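In the form predicted on its own, a lone chain appears below as structure tokens.
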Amino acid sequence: MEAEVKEKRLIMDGSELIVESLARSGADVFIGYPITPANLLYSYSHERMPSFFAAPDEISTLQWMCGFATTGKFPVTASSFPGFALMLESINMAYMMELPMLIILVQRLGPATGSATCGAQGDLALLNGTISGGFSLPVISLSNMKDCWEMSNKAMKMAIDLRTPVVLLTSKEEIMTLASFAISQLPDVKKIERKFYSEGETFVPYKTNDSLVPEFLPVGNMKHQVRFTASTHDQKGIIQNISKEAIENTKRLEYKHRKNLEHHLYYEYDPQAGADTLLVSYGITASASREAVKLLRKQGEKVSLFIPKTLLPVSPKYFEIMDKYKKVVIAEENLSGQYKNILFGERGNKNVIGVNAIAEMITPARIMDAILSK
């Protein structure tokens, strides 16, 4: 009989996994201003990232990130709502300039400064409206420790592939709580290779192909002129107000995310044969949802589980899954049911039930009660 191999386990938090994953994925620089509960990401990045810059505030943070991104570096920051609110204008700037970067948003209780030491899932509606004009800002959500490792890498790849800022959405409990974790569960994370324009023809900064994503060329090269602009512009990066070419280029910013969404679509779907009820959850509440489904199935109840990780833009695939069920229960730690409203509107759907909370995490028992209710 072979000797039993003991699984190596470590006590760690999600912040450490996120930072290590991004460092191995090839992130070049962390820029940030410390804010609770994102402080551990700031601290670990200071030790692990190739470069680290302590910004005087969150506005400077995003401006510096834009500067680094134009040189071909991949910048990362981490903040919570009060800091993220200060970043909004510069995020729009980076979005229009098509600069790849990652913003880790650690949710805490609001409104305003709220409580820095109480978690929440209250920022999704803000993210859905971050970009002026209602354009899609890609949002990847973490649901457990393994996601801290894997989804960080995938969020960075999404930002690079689509030339866009991406938000990695998490919350206080997910990134600050220490847990015993089996590192053997973690797959290898490889460095994400970046490709820059290398043709001999004149570089056109916003010219695209079928992918709708323009090739990237950093500033400072000695062969081609490079333009980045946050104003409405044509393919050459020349400000064109509302000319036909400029407006088509602006519309492309939305279309490129929709067109390439299937390549960056991540979710867990655990269907149970004969189930009429689907439980939908994300982020920190996904853990309670997994437990609720486990307990219900032990009781003989039939229920399926769906955990979206690419939260925004919303994929048509998600509706295909939800349309299979007579009853959909959406559990999220906010008062108004933000993801439910994004999916089904303010009017809602009589077959869709929200399980919500504020200033407290949702328990498996509350989820089970909603599923069992008639």
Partner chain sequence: MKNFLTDAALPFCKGCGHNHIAANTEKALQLLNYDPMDVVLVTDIGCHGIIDKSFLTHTVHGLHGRSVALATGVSAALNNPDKKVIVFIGDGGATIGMQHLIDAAHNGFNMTVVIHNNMLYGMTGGQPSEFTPFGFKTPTLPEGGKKTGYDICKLISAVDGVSYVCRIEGISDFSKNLAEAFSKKGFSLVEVMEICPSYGVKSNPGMKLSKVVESAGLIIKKFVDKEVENYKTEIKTEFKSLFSESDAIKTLFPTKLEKPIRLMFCGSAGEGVQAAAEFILKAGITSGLNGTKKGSYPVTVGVGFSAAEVILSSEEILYTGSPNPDVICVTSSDGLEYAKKTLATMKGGKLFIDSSLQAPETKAEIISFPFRERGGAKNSSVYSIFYLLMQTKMFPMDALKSVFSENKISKKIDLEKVLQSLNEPFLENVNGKNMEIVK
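Residue numbers count along the first chain shown, from 1. These numbers come from a predicted model, not from an experiment.
Same protein, other form: the form predicted together with its partner chain, not shown, and the subject of what follows.
Looking at 123-131, 275-283, 247-255, 88-96, the stretch with residues near its partner chain in the predicted complex, meaning non-hydrogen atoms within 4.5 angstroms, turns out to be 88-96. At least one heavy atom of residue 229 is located within 4.5 Å of its partner chain in the predicted complex.
Although the partner is absent here, residue 208 lies well away from its partner chain in the predicted complex, with no heavy atom inside 4.5 Å.
Its partner chain is not shown here, and in the predicted complex it never comes within 4.5 Å of any heavy atom of residue 42. At a distance threshold of 4.5 angstroms between non-hydrogen atoms, residue 150 is out of contact with its partner chain in the predicted complex. Shown without its partner, this chain lists 117, 198, 243, 202 as candidates; in the predicted complex, only 117 has a non-hydrogen atom within 4.5 angstroms of its partner chain. Here the marked residues 263, 306 and 315 all miss its partner chain in the predicted complex; none has a heavy atom within 4.5 angstroms. Residues of 346-374 that come within 4.5 Å of its partner chain in the predicted complex, judged by any heavy atom, are 361, 362, 363, 364 in sequence order.
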